[in-house]
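Shown next as structure tokens: one chain only, the form predicted alone.
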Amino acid sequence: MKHILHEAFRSPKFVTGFVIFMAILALVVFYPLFVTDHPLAIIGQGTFFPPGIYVSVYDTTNAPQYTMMLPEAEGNRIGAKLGDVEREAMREWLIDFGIPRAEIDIDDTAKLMTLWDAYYDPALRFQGMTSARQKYFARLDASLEGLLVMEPRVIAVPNTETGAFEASQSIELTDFVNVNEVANVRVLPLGTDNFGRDMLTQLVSAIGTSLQIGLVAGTVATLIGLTLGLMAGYIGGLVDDVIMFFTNLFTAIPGIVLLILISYSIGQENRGAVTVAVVIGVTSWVWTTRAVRAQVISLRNRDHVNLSKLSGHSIFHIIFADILPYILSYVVMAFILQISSGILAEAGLSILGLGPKTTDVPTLGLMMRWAMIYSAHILNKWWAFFPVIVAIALISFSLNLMNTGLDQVFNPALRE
């Protein structure tokens, strides 16, 4: 065993896959120690908050304020609401209204805003303009309100005696706060999903759940395949015929069809993560059985096996002591591939709406389903689906790299 591990860690492919997989495991183990929120807790009243650092506006008004004279501050303030796309859109509307193109200078913010304030009418809808485009111009107009105003913002509070609002604080354009002195700050590296839930926290939990599903599914499939393959390969005869009959039967029926039928018959409320994993394992043992059977057939007439037979050892002793150690390396590689297949199978089932129930724990497949249902790919909310795709790809890539590296170690014909 020590020699095998030494050879495995000399394989660049195995080491690369192992490092990636362990990094994923470390994220799953240590992240919850620092962020203890429930992965399905709704923290945002809205959908698809973009990635970033969120600061409590209420707390910023009470935080210590500092005056900073930054020359680029005004340009940043204007550019945040009036970028190149917005300027082109304003020119498009003004041209449709009838203003000559030569009179519209989109680089002159003051002149452009003067024309816009003078002529824009949200009720106007020009020929060929869609309703969605008209609403876009209305939202653009609302966002530009007070863009060039240089007066301070005034905060008013009600008088406890009269009930009238009275100015209590003014905020100048040069006022800044230190984010470390704001009471409530939340970092959302991946924003939120369609329900307003922290995507990163949800993703880490989903990776852990999907790995558990893959582990359970891989264990079930490997144990079934190994047991049937050993029996069919060594005992042969009627036992081999019966096992191969069912193996061929399951081979003829696509595995995804069996998964869909069984998952649908179980029902949404009864489909927990472990249940789905067992279903995946029960339907994906076929190729392991066939492969193990072929390996055993090539070993059952070897000299050491015949010697064990002559010694009067039982069938179970011969299988587990004289045959299994010789195919154990193949079983380990099959187990790794079954884990990867189990994770991918769960993702496929969940996208179809037949995965684990949505109220328990998130999985990578469920996150993809939620993103698709709420049109994240159409709305270009990439943070709702792209990190999930990357996570699935990295897990599968790392497991397959480890399997390829082990294959090079155990198979002398593949060694470089």
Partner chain sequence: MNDERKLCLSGKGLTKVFGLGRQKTVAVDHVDFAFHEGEIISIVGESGSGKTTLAKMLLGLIGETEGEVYFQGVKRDIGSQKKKQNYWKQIQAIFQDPFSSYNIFHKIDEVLLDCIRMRGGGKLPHAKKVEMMTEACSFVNLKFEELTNKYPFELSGGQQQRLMIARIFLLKPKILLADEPTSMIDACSRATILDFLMQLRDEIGMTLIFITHDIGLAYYVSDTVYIMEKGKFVESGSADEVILNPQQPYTRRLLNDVPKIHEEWDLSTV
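Predicted model only: the values in this text are computed from it and were never measured. We call the rigid core whatever largest set of C-alpha positions still superposes within 1.5 Å between the two forms. Residue numbers count along the first chain shown, from 1.
The protein also exists as the form predicted together with the partner chain; that form is not presented, and the subsequent description refers to it.
Of the candidate stretches 219-227, 317-325, 273-281, 182-190, only 317-325 has residues with heavy atoms within 4.5 Å of the partner chain in the model of the complex. Looking at R101, you'd find every heavy atom of it more than 4.5 angstroms from the partner chain in the model of the complex.
The shortest heavy atom separation between G312 and the partner chain in the model of the complex is within 4.5 Å.
The closest non-hydrogen atom of S170 lies beyond 4.5 Å of the partner chain in the model of the complex. Shown alone here, S143 lies farther than 4.5 Å from the partner chain in the model of the complex, counting heavy atoms only. When the partner chain is considered in the model of the complex, only one residue from D107, D303, E72, D117 comes within 4.5 Å through any heavy atom, namely D303. For the options V154, A80, V149, L307, the residue carrying a heavy atom within 4.5 angstroms of the partner chain in the model of the complex is L307. With the core held fixed between this form and the one not shown, S311 has its Cα displaced by at least 2 Å.
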